[in-house]
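What follows is one chain in structure tokens, specifically the form predicted on its own.
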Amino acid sequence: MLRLSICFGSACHLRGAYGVLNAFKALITKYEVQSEIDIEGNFCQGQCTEGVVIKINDEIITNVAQEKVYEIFIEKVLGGKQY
């Protein structure tokens, strides 16, 4: 199972963490991969100046904007396959 962590600390919150979360949730539903992904929130991943910060399994991805979520989702969650 893939684990997706999204930072909701102050800096990431101000930079749009909830928009990032909602974009991921919409794609997870659209591609029907709910059983393959565990989403969690946390309050700091130690990269506050580079938020929104997400972590997919052990890979930290910084400067995530809502507009980048689709590209990250296709590459990291679907393995580059578009359905």
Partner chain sequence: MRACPVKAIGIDKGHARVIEEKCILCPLKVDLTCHDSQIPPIAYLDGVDLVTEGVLTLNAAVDRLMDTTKLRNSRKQDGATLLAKLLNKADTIKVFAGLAVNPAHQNPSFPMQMNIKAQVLNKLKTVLHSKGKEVIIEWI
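Numbering follows the first chain given and starts at 1. Model, not experiment: these values are computed from the prediction.
Not on display, but discussed next: the form predicted in complex with its partner chain.
Think of it this way: in the predicted bound form, its partner chain has a heavy atom of just one of Val33, Cys48, Ile56, Ala26 within 4.5 Å, and the residue is Cys48.
Taking non-hydrogen atoms only, Asn22 approaches its partner chain to within 4.5 angstroms in the predicted bound form. Contact check for Tyr70: every heavy atom lies farther than 4.5 Å from its partner chain in the predicted bound form. Proximity of Ser10 to its partner chain in the predicted bound form: non-hydrogen atoms within 4.5 Å are present. Of the residues in 15 to 48, those that come within 4.5 Å of its partner chain in the predicted bound form through at least one heavy atom are, in sequence order, Arg15, Tyr18, Leu21, Asn22, Lys25, Ile39, Glu40, Gly41, Asn42, Phe43, Cys44, Gln45, Gly46, Cys48.
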